[in-house]
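This document opens with one chain alone, in structure tokens, the form predicted alone.
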Amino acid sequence: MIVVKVGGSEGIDYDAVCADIARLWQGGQRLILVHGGSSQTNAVAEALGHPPKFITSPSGYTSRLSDKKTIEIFEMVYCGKMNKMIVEKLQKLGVNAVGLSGIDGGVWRGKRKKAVRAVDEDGRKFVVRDNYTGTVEEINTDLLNMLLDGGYLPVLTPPAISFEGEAINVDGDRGSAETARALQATDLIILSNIPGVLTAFPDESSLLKEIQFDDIDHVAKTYAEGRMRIKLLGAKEAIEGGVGRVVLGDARIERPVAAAVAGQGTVITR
């Protein structure tokens, strides 16, 4: 079992990702695809007059401020435009893909964080309320396995559903990690618009090819820029949960998934 997560930043080649997924699937590889949609969501939010806002936690992780209007935009873009675009591409390639958000069938469940601590640019702490965010804590593995056993490829995306039945914004990398753990995946592949962890960002020649589990926190604090910190957190959680290997790879190349499976990118193991 492989779980593949492809991000939503600019520059990602979804045609290449889907073609590679199709090759692996038709070759008998059991897998699940998770995707994001941040770039498109930002554009739609701007167009709708509700521009995106971001907050930073005291531990240094940046996340989207998610009020109810933002969740509605999320559902439009992630569950609608992005999810169905990817499912259509896979169907055209002969893969019987099924698009699901974390809400559908309670695939991803978690607790809503109704109050979130954050820090401003001057390091002052404050509390954000009326926020619809959370963390994936439970996976409906019965539904996912039923689809897989029936020959369907699940294509998953945030939001998730809270234990109280509310849509919540969750991080896709960490959701993928929890999915990989719950399904006892051998590999978690996380693809983005850079080749992996860069020790001198944005210099792509500074790619860090290997990270040992015990060094993840040090690498995150020393080298990780932007969203890479939370990808490393997801990698740590996946390996803690029993996933054998996490590869942070490049979604801009011709065979992105196969390259990551072959070890191209940043490989994280125990």
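Residue indices: 1-based, along the sequence shown. Only a predicted model underlies this, so the values are computations on that prediction, with no experimental measurement involved.
This next part talks about the form predicted in complex with a further copy of the same chain, which is not shown.
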At 4.5 Å between heavy atoms, is N169 in contact with a further copy of the same chain in the predicted bound form? no
Worksheet item: Is the gap between M76 and a further copy of the same chain in the predicted bound form 4.5 Å or less for some heavy atom pair?
Response: yes
Check your understanding: So, in the predicted bound form, is L191 in contact with a further copy of the same chain at a 4.5 angstroms heavy atom limit?
Key -> no
Within a 4.5 Å heavy atom cut-off, is D120 in contact with a further copy of the same chain in the predicted bound form?
no
Review point. a further copy of the same chain in the predicted bound form: within 4.5 Å of a heavy atom of each of A200, V261 and G263?
Key: no
In contact with a further copy of the same chain in the predicted bound form (heavy atoms, 4.5 Å), from 225-233, 41-49, 23-31, 201-209, is stretch 41-49
Contacts from 91-116 to a further copy of the same chain in the predicted bound form (any heavy atom within 4.5 Å), listed N to C, are Q91, K92, N96, A97, V98, G99, L100, S101, I103, D104, G105, G106, R109
